[in-house]
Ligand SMILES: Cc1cc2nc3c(=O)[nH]c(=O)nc-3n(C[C@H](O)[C@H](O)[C@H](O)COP(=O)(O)OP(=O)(O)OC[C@H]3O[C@@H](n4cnc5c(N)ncnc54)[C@H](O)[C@@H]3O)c2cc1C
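There is one chain below, alone, in structure tokens, taken in the form predicted on its own.
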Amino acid sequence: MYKILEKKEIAMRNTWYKVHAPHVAKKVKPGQFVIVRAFKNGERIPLTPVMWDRDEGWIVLIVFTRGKTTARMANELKPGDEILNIAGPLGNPAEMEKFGKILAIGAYTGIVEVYPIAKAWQELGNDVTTLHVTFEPMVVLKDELERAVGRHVVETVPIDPNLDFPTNMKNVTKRLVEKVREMLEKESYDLVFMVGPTGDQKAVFEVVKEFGVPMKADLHPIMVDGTGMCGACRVTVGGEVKFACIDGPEFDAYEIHWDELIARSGYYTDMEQRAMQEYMKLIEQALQGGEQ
């Protein structure tokens, strides 16, 4: 098992876990991920090590509370508890070379995956600018990125309480696309890299394509085992079927079949929402003195 050394909420719906996982810390490289099973009979979820110490044997995971499992982790786990399983590191490391001038974009908590990659690129001699576009209460790693790269840009969008969440998210997408266009019009980049929701990645790609700049996207399709056996994370890239877990997660944005990927990503949305609703009912019953 994997002991939680530190846990803290660092922004709205974003929880920091420092976990003792020496076998991961020893081998992980920027761009790789792990599969976490936090609870007995619980689901397996892919998460990205953001920081690590090879000598002390710990990794940091920053987890966005999105569904039932991540809500359980945020509500039920505490420092000193143990996570049942952490498998990894998995996936291919990000390509490390001197590209030149790089714009690395993170939408929402996509920035936590951008961080180790952008940091490594900067240390390699690239001129890295990172862009984080998110809701105002969800800014994370601002200080860390300002120290790690040449320039870090944060664009926040207020949450309008009069609008539903999907509409608020559209406002983030709109600002993201506007800012990327603005930056590409002002400066020339040798590479654009992005992590975030698939729809936002496609929207950014459409802008980047207009400028003819090479772009890589870190993909997050549905994933189960993370080792290429289940096929759940298959994506079409360059007309061929690839598995994000073993062939990626980084791919050439110009070769990705975006519409197919977006359609597949929403396949289990209804079931995810029902699971979350059922869990929240249990929480409400517990708060009211009912039985779980």
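Numbering starts at 1 and runs along the sequence shown. These numbers were taken from a predicted model, which means no experiment stands behind them.
The form predicted together with the ligand is left out here; the points below concern that form.
- For the three marked residues, Pro46, Lys68 and Met223, a heavy atom of each sits within 4.5 Å of the ligand in the model of the complex.
- Only one segment in the set 93 to 101, 68 to 76, 147 to 155, 181 to 189 has residues whose heavy atoms sit within 4.5 Å of the ligand in the model of the complex; it is 68 to 76.
- Put simply, Phe64 is close to the ligand in the model of the complex: some heavy atom of it is within 4.5 Å.
- Not displayed here, the ligand is approached by Thr109 to within 4.5 Å at the level of heavy atoms in the model of the complex.
- Not displayed here, the ligand is approached by Leu219 to within 4.5 Å at the level of heavy atoms in the model of the complex.
- Among residues of the shown chain, Ser265 is one whose heavy atoms approach the ligand to within 4.5 Å in the model of the complex.
- Heavy atoms closer than or equal to 4.5 Å to the ligand in the model of the complex belong, across 16 to 37, to one residue only: Phe33.
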